[in-house]
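Next up is one chain by itself, shown in structure tokens, the form predicted alone.
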Amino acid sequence: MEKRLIKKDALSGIINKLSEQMLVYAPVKDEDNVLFKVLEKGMEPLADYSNTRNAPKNFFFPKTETMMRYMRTERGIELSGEGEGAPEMVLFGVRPCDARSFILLDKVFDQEKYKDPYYIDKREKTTIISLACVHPPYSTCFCTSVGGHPMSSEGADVVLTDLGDKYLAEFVTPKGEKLLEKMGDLSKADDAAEATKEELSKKSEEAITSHVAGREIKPWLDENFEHPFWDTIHQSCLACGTCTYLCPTCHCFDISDEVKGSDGKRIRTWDSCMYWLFTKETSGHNPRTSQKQRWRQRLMHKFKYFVDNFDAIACVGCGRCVMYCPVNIDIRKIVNDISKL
């Protein structure tokens, strides 16, 4: 693995130079929020920020995506794709929890048997530069409880660690090493830089003070689908979908056709298990008629079904669903309450 040092005041210039050669998405200030956006001339990428409001899954799994177009002609229906696919791009400034979410999404969209060409095309053409959480930003962070770490390299091609006056840049994949060629002449990392990183890694792990019984509740979930506990967790839920839309790992979608005259297109859009329409069948029957059933599904999917299928919890502990729920439903409390049962 190649390891280099980048002076702190040089990082912004390096990223802006990359944006002149290829498409770069980066965290930028947007009124009161920090959001991932296309880096355009005059925009400053943020390196010193807590986390973005929007999870970066949108770049591989867009909110709305045209899958194909079709036209009715005299010869019948003619189908067409969406051109040449995704361009080469860089996703800069991803926090480790979000970078790790890509590994979990890969398990869904890039399996041995089932492969999603739309997701895979964008994933393969994107180089991910992660920013290690030297100082975990929020009390709601709980990445260490679900298999992560504030300075993990999972899902990243390049990892930047803030050492004070410089960054340690670790090029962990061939895609990352390819990007090194575009970043100019960077000095080799020394033993002192690596030692500092190890020290920061231990401190950052200790700084995660929020813990949940992530793996421990699986045996209880296996046996208690109809337990009275499920009557308690949904009562204040508004079914707004905020938790699922901000979640880095939620991946439910709907497919529909839009037709105008002889032209049509098939689109995929995000959906949410929090919505009553999500499970409504063509017959009119809905197997999940209550918010109790829908909330149970959300928790069971993350901590039981995904574990059954992929041996991983479908949560990276970013805390977005806790921070932005309008009625303060806290998945950490729900998981820990289950662990006491």
Partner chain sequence: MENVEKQLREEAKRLLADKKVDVIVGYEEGTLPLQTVPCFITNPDDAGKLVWNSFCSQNLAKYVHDIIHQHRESQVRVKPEDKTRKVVGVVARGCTTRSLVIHLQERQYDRDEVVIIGVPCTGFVAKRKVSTLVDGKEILEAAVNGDKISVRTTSGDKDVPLKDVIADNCLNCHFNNPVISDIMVGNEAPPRDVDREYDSVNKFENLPLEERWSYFTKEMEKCIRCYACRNTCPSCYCKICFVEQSQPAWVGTGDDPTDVQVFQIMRMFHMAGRCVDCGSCVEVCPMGVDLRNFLKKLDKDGFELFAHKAGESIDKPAPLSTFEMGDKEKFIFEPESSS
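Positions refer to the first chain, counted from 1. Quantities reported herein were computed from a predicted structural model and do not represent experimental measurements.
Only in words, not in the display: the form predicted together with its partner chain, which the text now covers.
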{"property": "Partner-facing stretch of 106 to 114, 158 to 166, 218 to 226, 133 to 141, counted where any non-hydrogen atom is within 4.5 angstroms of its partner chain in the predicted bound form", "result": "133 to 141"}
{"property": "The single option of L180, M71, A192, A239 touching its partner chain in the predicted bound form, heavy atom within 4.5 Å", "result": "A239"}
{"property": "Partner contact for H285 in the predicted bound form: its partner chain, 4.5 angstroms, heavy atom", "result": "no"}
{"property": "Interface membership of W276, its partner chain in the predicted bound form, 4.5 Å heavy atom rule", "result": "yes"}
{"property": "Contact test in the predicted bound form: T64 vs its partner chain, heavy atoms, 4.5 Å", "result": "yes"}
{"property": "In the predicted bound form, S12 touching its partner chain (heavy atom, 4.5 Å)", "result": "no"}
{"property": "Triplet K202, I208 and N336 all within 4.5 Å of its partner chain in the predicted bound form via a heavy atom", "result": "no"}
{"property": "Residues of 13 to 37 having any heavy atom within 4.5 Å of its partner chain in the predicted bound form, listed in sequence order", "result": "E31, D32, N33"}
